[in-house]
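Only one chain is given next, in structure tokens, and it is the form predicted alone.
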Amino acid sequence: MQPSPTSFDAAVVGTGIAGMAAALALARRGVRVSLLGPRPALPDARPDVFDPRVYALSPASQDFLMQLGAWGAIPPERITAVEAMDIAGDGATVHLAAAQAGLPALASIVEGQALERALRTALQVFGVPWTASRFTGLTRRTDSSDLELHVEGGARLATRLAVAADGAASPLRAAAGLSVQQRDYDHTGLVVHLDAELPHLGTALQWFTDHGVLALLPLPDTADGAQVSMVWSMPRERAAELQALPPDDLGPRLTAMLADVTAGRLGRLTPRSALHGFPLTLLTAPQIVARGVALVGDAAHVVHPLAGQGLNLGLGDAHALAEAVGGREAYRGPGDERVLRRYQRGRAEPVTGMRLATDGLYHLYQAPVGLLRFAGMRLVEQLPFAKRALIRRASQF
């Protein structure tokens, strides 16, 4: 005989950053919530050693994480403020500065592991239960509106709302019958930390070329001097050639390629960490809610990383879902259809806008319209109000 399932108002499936943030946000709105998913060990932070996964968090994301009690738990020396951004392409340059919109910073660069450690601490302080097992299936109960989540090992969780925060391949999304539209960019995002000969001055740099997009994000200095994180989106075949090189050949080759694109903007750039690569895709769930189920983060949408907004969108999802569920009428349950529709409507504009912007920029730089691109960048550089609009939009979720 199976034991009765443990019951919650909401259960978040997925224990990455978006999932942990969603669970915390719901808990802080008075929702009895549980977190379901593996809890892998996180290494302790070490001086001069940085997680290859870094994120550019908008001011809105930072405020949200502050409300959750997580932002203040990240050591300040592991955070880098982005005070300006230079975007170059087709011989033109756009310079964006936080001061142009009256902001202290455009964004802050933080390591994934540092953020995960802070969120785990906040979850523990707030007493959110964590079932460290894998989700294996979903059953809709016939005697109530509750759902049952099946857990590896035979346990079950009864919940009135199941939140899918389990990534782009989302097993919960599939179990709920929600479809996705997906397109492969045939590009790879290459990530590596670099020693820079010259200081980055808190400026993020981005180059649009006919063969990909290169971004250099400022990181804390190390004992060796200035440090930046490289995110280079390039055709998959070319990326595979670099990834196949032995370490002794990769360093000089990558240094030469960077010098060619950056024209020595930060002096000589040399790898200080291993090279990592991930395939770039566009993923959209036309419906991000179903009966008793809501999608957040990569389970709902994956956009091109050229704007660095993927995690910001996921945190925006977590915030909006908690507001919709926490602010519902007393007679409605957490998984009520109208409550979830409010969440879906609230996320439609920001997610669609970011998807169209990043996908449109990607295709623009694959087309032979260099003169048009040059004119567009020159126009933005000459219009202060256009810069302010770009900065304000990027400062949101």
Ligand SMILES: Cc1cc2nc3c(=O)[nH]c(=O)nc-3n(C[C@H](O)[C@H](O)[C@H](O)COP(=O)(O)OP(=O)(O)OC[C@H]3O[C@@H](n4cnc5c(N)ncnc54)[C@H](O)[C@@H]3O)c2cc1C
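Remember, predicted model here, so these are calculated numbers, not experimental data. Numbers follow the displayed sequence, beginning with 1.
Note that the form predicted together with this ligand isn't included here; everything after this is about it.
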For this session: Please state whether every one of the three residues 7, 292 and 331 places a non-hydrogen atom within 4.5 angstroms of this ligand in the predicted complex.
Result: no
Problem set entry | Candidate stretches 24-32, 332-340, 346-354, 46-54 - the one whose heavy atoms come within 4.5 Å of this ligand in the predicted complex | 46-54
Problem set entry | Candidate from 87, 196, 231, 254 lying within 4.5 Å of this ligand in the predicted complex - any heavy atom | 231
Exercise. Looking at 140, 156, 134, 238, which is the one with a non-hydrogen atom within 4.5 Å of this ligand in the predicted complex?
Worked result: 134
Exercise. Looking in the predicted complex, any heavy atom of residue 297 within 4.5 Å of this ligand?
Worked result: yes
Exercise. Any chance residue 320 has a heavy atom within 4.5 Å of this ligand in the predicted complex?
Worked result: no
Problem set entry | Contact label in the predicted complex: residue 167 to this ligand, heavy atom within 4.5 Å | yes
For this session: Check whether residue 68 has any heavy atom within 4.5 Å of a heavy atom of this ligand in the predicted complex, and answer yes or no.
Result: no
For this session: Taking only heavy atoms into account, state which residues of 15-29 are within 4.5 Å of this ligand in the predicted complex, ordered by sequence.
Result: 15, 16, 17, 18, 19
